[in-house]
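Single chain ahead, by itself, as structure tokens, in the form predicted alone.
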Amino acid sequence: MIFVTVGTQLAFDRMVCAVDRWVNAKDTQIVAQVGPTEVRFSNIKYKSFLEQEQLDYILKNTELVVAHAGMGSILSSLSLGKPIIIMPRKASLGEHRNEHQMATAKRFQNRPGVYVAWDEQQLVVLLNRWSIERFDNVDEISNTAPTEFIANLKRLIGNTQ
């Protein structure tokens, strides 16, 4: 199963449509959180938004995550050891307020388990590659901050407890 998510703020039809077209001739189950969109997808199972319990279940059971370049999606995937393909939204296409997702994608592009699709064509190439070789080189991260970081942060804000 592949889980596709656009986060919780905005639709990202360009990315979801590319996945919907790709899966048409494949034997792969796709579940997607597509956000507030008017587009109807033909080949994937989707909802505008998932409840947290549904999201947790799907993330634990998916083989691959395809997402916008949002930090929540990236960190959730990596903390569960799931490979992720990220496709940044482009402000130049009216998909976001600024190009911060491009910066996020550049920052993560060399991290094991994170694959960056800069456009729909690269997304299809990565999905085809995943369907053949599966991605299993995820550099899993903790879902909590290091103790030293938390202590330093508490010291900085004046809370020593």
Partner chain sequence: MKQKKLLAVASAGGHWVQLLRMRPAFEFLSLHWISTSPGVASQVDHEEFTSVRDANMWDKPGLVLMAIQIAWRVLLYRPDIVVTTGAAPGYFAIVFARLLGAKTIWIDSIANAEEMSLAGKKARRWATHWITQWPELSGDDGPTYIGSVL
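Numbering follows the first chain given and starts at 1. In this text, all values refer to a predicted model and were calculated from it rather than measured experimentally.
Absent from the display: the form predicted in complex with its partner chain. The rest refers to it.
The stretch from 120 to 128, 22 to 30, 94 to 102, 36 to 44 that comes within 4.5 Å of its partner chain in the predicted complex, counting heavy atoms only, is 94 to 102. When you look in the predicted complex, the only residue of Val138, Ile141, Cys17, Ala11 with a non-hydrogen atom within 4.5 Å of its partner chain is Ile141. In the predicted complex, its partner chain sits beyond 4.5 Å of every heavy atom of Met1. The closest heavy atom approach of Glu53 to its partner chain in the predicted complex falls within 4.5 Å.
Although the partner is absent from this view, Gly72 contacts its partner chain in the predicted complex, with a non-hydrogen atom inside 4.5 angstroms. Although its partner chain is not shown here, in the predicted complex the stretch 104 to 120 places heavy atoms of Thr104, Arg107, Phe108, Arg111 within 4.5 Å of it, in sequence order.
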